[in-house]
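Before any questions on how it binds or moves, here is one chain, the form predicted on its own, in structure tokens.
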């Protein structure tokens, strides 16, 4: 018996979906491996020509001396902060109250590494330079997430990032980039990855979020930092006997999709405009700054869900498979544009939003 909600079941039946790169299934891995010579030697415990070549490519892309492939970003980021705390002799770091490390990792940083955290700023806005300047606690590292996912993918001005970087370097504070969606911010800033990463001492990027790979992450920095990261990777059990399904799929989809980030961004602006024309609907930000944004609909879940189920059945287009009640009488969800959006016929997309607008009135 299916355990899917009525909305998720209706979403699964649609032929077209608005977000992401398509249905998540084993074909993702099959496509990535299809063109690879089966005689290619696999990596062994993080060593081998194929993984080392990929790591070198990513280091060059990010403008860093070295890069190390990790099976998960959770592992990579906790290790980055541990390294900086050990180096500084201070077991305290600062980040946004809605950082992934704070709300999605079961306090791993605190329980595994005994690192104290300072929650900087307020939940509903970005960390501001003024708040960093007013910080009186001594910290080893400041983590900045670009974009700030939990508040709709907001971004600070590039000039403010420069000022934050300069302040941290003057104060001897290490600056770490949670760049899980780094590629997605580059069209807005009109900067290369290397130009942006030059502001940071260490950088993490993901290969399954915006890129759509199977799993995996890169942690990059100077050589001394990455040597230490490999030791901690082993301690965390991250040196699987082979990681090739992850980094080969990462490489495949990175080459396909990193060049499309500008297109995804433009499509996100187009889609947000369609949402904002509907009664009771607003997007955050109103005009997206990346290919990701949040949608808020001022209607209780028990009323909105059957409307969307009916919409999907009528138009064959799935907008979202879940609803989160963000406040009383308001539902929200996240949209991230990838390859799937371009597959929707324009007339079908237009009809879908015309019908949504009518149904919400």
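Remember, it's a predicted structure, so these values are computed and weren't measured experimentally. Residue numbers count along the first chain shown, from 1.
The following text describes the form predicted together with a further copy of the same chain, which does not appear among the structures shown.
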Where, among 65 to 73, 303 to 311, 327 to 335, 289 to 297, do residues come within 4.5 Å of a further copy of the same chain in the predicted bound form by heavy atom distance? 65 to 73
So in the predicted bound form, are 95, 219 and 260 all sitting within 4.5 Å of a further copy of the same chain, heavy atoms only? no
What is the one choice in 134, 106, 159, 137 with a heavy atom within 4.5 Å of a further copy of the same chain in the predicted bound form? 106
a further copy of the same chain: the contacting residue among 323, 28, 59, 317 in the predicted bound form [heavy atom, 4.5 Å]: 28
Using the partner position in the predicted bound form, report whether residue 246 sits within 4.5 Å of a further copy of the same chain, counting heavy atoms only. yes
Would you check, heavy atoms only and a 4.5 Å threshold, whether residue 231 touches a further copy of the same chain in the predicted bound form? yes
Although the partner isn't part of this model, could you tell me whether residue 82 comes within 4.5 Å of a further copy of the same chain in the predicted bound form, counting any heavy atom of the residue? yes
Answer for residue 237 alone: is it within 4.5 Å of a further copy of the same chain in the predicted bound form, judged on heavy atom distances? yes
Looking in the predicted bound form, the residues of 111 to 132 with a heavy atom no more than 4.5 Å from a further copy of the same chain, listed in order, are 111, 112, 113, 114
